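This document starts with one chain, in the form predicted alone, laid out as structure tokens.
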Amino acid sequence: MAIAATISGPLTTPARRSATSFASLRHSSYSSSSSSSSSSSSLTRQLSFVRASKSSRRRSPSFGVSAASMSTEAAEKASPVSFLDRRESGFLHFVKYHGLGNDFILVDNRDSSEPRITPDQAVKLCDRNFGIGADGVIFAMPGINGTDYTMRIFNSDGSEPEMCGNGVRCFARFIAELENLQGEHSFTIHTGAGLIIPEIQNDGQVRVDMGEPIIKASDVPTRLPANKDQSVVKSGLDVDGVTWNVTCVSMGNPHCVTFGTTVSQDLRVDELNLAEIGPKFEHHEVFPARTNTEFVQVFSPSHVKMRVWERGAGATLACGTGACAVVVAAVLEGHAGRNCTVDLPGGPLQIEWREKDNHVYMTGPAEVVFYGSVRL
């Protein structure tokens, strides 16, 4: 598998870049429409790279990386839509997006109910040294049972999660790009976690109805004994001799949320060694489907900070379902109210666990990074 890609992106950093409409987003990315070439040329740059050296081929013989350069003029003559409509045999066209640094390779798979690549291929594409680099590959597929679309994901380790909160926001922006939609739009999406409804807002943010949280212990699932109305809330979990207080929540995928140990609830999340402690939670025997783990620091009833160890991806800059689980757990444990700003390493999400319908709503950004092609 070889990669042929030309990358371009906005000259402003994500932190300073305001949310944009899809029209302006296209102007600042790889392929701009000819009608906007004069304005986009000042906003874009071409970064051509070649990684297929002899040494890299020796280290990864089955996944050499090559590159094809493209002039700015050529890039501006091709629109994103025409780029994504290409169907050359043996190539996979993709768009890379990120939601607060949680990054994904988005694939147009609307013509088939089977993913265009295998889990093993996804692992290679997600490799940050020999591949494109991502936390996962997301496929936009035909809808099921009356939904507009189906979303499937392969994690960077090849496993398939039920859902991804940051991923579904990227998915919504990707669909709008494919369908050339402007302004506010909502979609019904079938996922392994059930029906998810994202809504693209006028400011470019994506608000997602994540549905009802699952807190019944056996449905999360966890083998920890229920201690509050069939749920696990602030229950002791031994990890390498340290007892952590944990609350278990599912947002269609399992989460273990902790605000500290039995000795100290004053958790300083930036001081944690996630690479050491994260896998021990993920693979703990009380989680039969493994688990995502959120470590949380509380600043106020409306402001918390979290770091996450994701099942199948490790330490990531953001986790949308994890942020939702954190607010649910914070309410159940009495740490916070139902509407919170959740700070993640990649930036903030606004989470609301609405009392009137018991649904969790997540609002946050999704940004395009670049367009590319992979020879399979």
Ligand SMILES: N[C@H](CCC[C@H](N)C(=O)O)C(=O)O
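So that there is no doubt, residue numbering starts at 1 and follows the sequence shown. Nothing here was measured: the structure is a model prediction, and the numbers come from that model.
The following text describes the form predicted together with the ligand, which does not appear among the structures shown.
The shortest heavy atom separation between Tyr97 and the ligand in the predicted complex exceeds 4.5 Å. The closest heavy atom approach of Met163 to the ligand in the predicted complex falls within 4.5 Å.
For Cys319, a non-hydrogen atom is located within 4.5 Å of the ligand in the predicted complex, even though that partner is not displayed. In the predicted complex, the ligand lies farther than 4.5 Å from every heavy atom of Gln121. Not one of Ser235, Thr247 and Glu333 places a heavy atom within 4.5 Å of the ligand in the predicted complex. Only one segment in the set 185 to 193, 121 to 129, 296 to 304, 97 to 105 has residues whose heavy atoms sit within 4.5 Å of the ligand in the predicted complex; it is 97 to 105. Residue Asn253 is the only one in 253 to 272 with at least one heavy atom within 4.5 Å of the ligand in the predicted complex.
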